[in-house]
Ligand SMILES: C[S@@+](CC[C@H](N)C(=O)[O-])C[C@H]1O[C@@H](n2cnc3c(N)ncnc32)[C@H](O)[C@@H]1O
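Here you get one chain, nothing else, as structure tokens; it is the form predicted alone.
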């Protein structure tokens, strides 16, 4: 008698053979301490064969491998038995979910779906993208494309994010009057998808010759990124281990800090201002400092008594004061929405461009900051402390 697992795996094989599989995912590791968090599988038509492409997603790296169909199915079967509690099949017409219950029994749920786009296994190159797929070594090494430089279906959101990021920065970068040896610092580069893309765009599209440094605290990511930069022949792109606060850097002309948590964003802005950077780009993450500092005793207490609303107020206040302090120091500042990052709903970006034409009304800015802090019972914004204003 077939078990639910056997039925589930057999259904997966049928979908693969019929070329109806969109994506298969294994999640919820049985060993909670395992560094392997997820496995993503898609069917890919390579020049030599139709295969299953596995992306092994670890805490700080992705490992990609291709397997012949039957071998891949055997590995999936074993992974469900030994390594993962949950699995999901997404096909053209339905979604099948497998759940391992606390008692060890396996449950399957099915829901109908209908894809709006035709299914393709060649991952054709999207049109009108600033970052090209063809022969793009770093995208291949980062798992965005397969060995044939075709976009992986499960990485389409990441590829769209990369291009949106470059699209947003492009006008600001083109307007800068930078010297030939200008320096870009990416604070908290992480897996460096956007770091590599920016270097690619600056060198290959704008034909500039920047020196670029990615700062990352996790040494394994630093080593992986440096190896990829070497493979891509990005000779002036280097990654070093460090934090935003203590990284030893030469003068910074363009400073980028994407999702530096809480006051780390303030430390990045501080370093950019102190270095007289021409451009500062931040995508803030977490706003704990102001949330804890708020002590509202006026009518606004009726709003801030609700946790979620207090949190949103703290986000608005934190980033508003950041933008105002940047204006105080001569930056023409914009705050706008950015496409959501992969593991977080945060989507705000602050961009400050050093202005030589306009002189900020510093007294008015300080008065406005003081009024906001008084309204919310805040003593100090962390960036104020760093800048000593």
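The structure displayed is predicted, hence computed values, not measured ones. Residue numbers count along the first chain shown, from 1.
Below, we turn to the form predicted in complex with this ligand, even though it does not appear here.
S.K.: Using heavy atoms only and a 4.5 Å cut-off, decide whether all three of 281, 327 and 387 touch this ligand in the predicted complex.
M.R.: No, the whole trio is out of contact, none within 4.5 Å by any heavy atom.
S.K.: Using the partner position in the predicted complex, report whether residue 272 sits within 4.5 Å of this ligand, counting heavy atoms only.
M.R.: No, no contact at 4.5 Å.
S.K.: State yes or no: in the predicted complex, is some non-hydrogen atom of residue 261 no more than 4.5 angstroms from a non-hydrogen atom of this ligand?
M.R.: Answer yes; at least one heavy atom of residue 261 falls within 4.5 Å of this ligand in the predicted complex.
S.K.: Even though this ligand is not shown here, does residue 97 get within 4.5 Å of it in the predicted complex, heavy atoms only?
M.R.: Judged by the heavy-atom cut-off of 4.5 Å, residue 97 is well away from this ligand in the predicted complex.
S.K.: Taking this ligand as it sits in the predicted complex, is residue 217 near enough to touch it, meaning that at least one heavy atom pair lies within 4.5 angstroms?
M.R.: Flag for residue 217 set to yes.
S.K.: For the chain seen here without its partner, which of 76 to 84, 273 to 281, 238 to 246, 144 to 152 has a heavy atom within 4.5 Å of this ligand in the predicted complex?
M.R.: In the other structure, the partner sits against 238 to 246.
S.K.: Exactly one residue in 133, 221, 293, 228 has a non-hydrogen atom within 4.5 Å of this ligand in the predicted complex; which is it?
M.R.: Selected option: 221.
S.K.: Please identify the residue among 194, 286, 106, 173 with any heavy atom within 4.5 Å of this ligand in the predicted complex.
M.R.: Looking at the other structure, the residue within range turns out to be 194.
S.K.: Within 4.5 Å of this ligand in the predicted complex, counting any non-hydrogen atom, which residues from 279 to 309 show up?
M.R.: Read in sequence order, no residue approaches this ligand (within 4.5 Å, in the predicted complex).
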